[in-house]
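Here you get one chain, nothing else, as structure tokens; it is the form predicted on its own.
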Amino acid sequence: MNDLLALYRAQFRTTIAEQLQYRGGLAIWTIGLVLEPVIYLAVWSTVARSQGGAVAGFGAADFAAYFLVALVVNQATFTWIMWEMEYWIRQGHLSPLLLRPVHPIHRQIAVNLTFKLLTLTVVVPAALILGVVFRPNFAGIEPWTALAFIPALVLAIALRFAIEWTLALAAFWITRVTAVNQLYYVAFLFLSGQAVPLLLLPGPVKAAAEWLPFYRTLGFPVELLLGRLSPQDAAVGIVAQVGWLAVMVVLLNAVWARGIRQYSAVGA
């Protein structure tokens, strides 16, 4: 454990130094994180106003609250490992990582957390400014929803990381996985609640989305914080997060073990 903590501390320092060397790229990436939910917010707020003020119980202020919280949750949960793993394997950069005495996943966890801490310094002020502009309705937030949101967010971070790391391992068998990644992103966009709250989806699609893990990584913690779920729904949702996380950890380890056995670097 002490060795792992030392590794994380060293990786935190290294990642901060690297990111500060590429401040332009960091700024562009952060702007992209902020702009995406703002576009969804503007579109759905306009739809609500055109429909007489509300759509399926969501008014303009409700959409503002939903997408501003979704902005913060998405920033806390996103990863880029699906795009990076292909490069590691194809170019052979995974090989030196395998020689280290710890699993390569620890490096990626440390890098991911560090990047999120850096971008959080921009995302939170941006969310506050957008809150002044769009005037969100946070009336549904209660002490119990705020407390329940904390473990729900932590589990959402872990679950999304496990899902996307497992998917990234397809690069062991497929040289180019861009199409797979894009298919996953489209599914995640709509089934997680990132582009549209699940309440606005057709009944069968909504029911399917609630059973799949995507919703548990974004829409669930957002709706929980905003008071759109009952205590029973919140408990069921957290149990579902734990269950999906257990499944994905087992699957990740199994796929990793098979992938490593047949791994060979393509590049130098």
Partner chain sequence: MRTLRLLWVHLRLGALNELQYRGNLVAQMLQSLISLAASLLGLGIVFSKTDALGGWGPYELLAILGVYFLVGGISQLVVQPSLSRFMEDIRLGAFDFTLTKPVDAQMLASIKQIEVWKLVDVAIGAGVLGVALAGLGEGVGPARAAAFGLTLLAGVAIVYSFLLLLATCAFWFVRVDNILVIFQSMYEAGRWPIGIYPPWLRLSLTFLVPIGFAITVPASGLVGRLSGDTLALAVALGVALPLVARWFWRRGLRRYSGASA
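Numbering follows the first chain given and starts at 1. Please read all numbers here as calculations on a predicted model, not as lab measurements.
A second form of this protein, the form predicted together with its partner chain, is not displayed here; the remarks below concern that form.
The chain is drawn here without its partner chain; in the predicted bound form, the stretch among 139-147, 153-161, 114-122, 180-188 whose residues come within 4.5 Å of it by any heavy atom is 180-188.
Within 4.5 Å of its partner chain in the predicted bound form, a heavy atom is found for not a single one of Ile81, Phe214 and Asn253. In the predicted bound form, at least one heavy atom of Val196 sits within 4.5 Å of a heavy atom of its partner chain.
The closest heavy atom approach of Val38 to its partner chain in the predicted bound form falls within 4.5 Å. Using a 4.5 angstroms limit between non-hydrogen atoms, Ala235 is distant from its partner chain in the predicted bound form. In the predicted bound form, no heavy atom of Leu128 sits within 4.5 Å of its partner chain. Ala42 is the sole member of Val242, Ala61, Ala208, Ala42 with a non-hydrogen atom within 4.5 Å of its partner chain in the predicted bound form.
Val55 is the sole member of Leu218, Leu226, Val55, Leu68 with a non-hydrogen atom within 4.5 Å of its partner chain in the predicted bound form.
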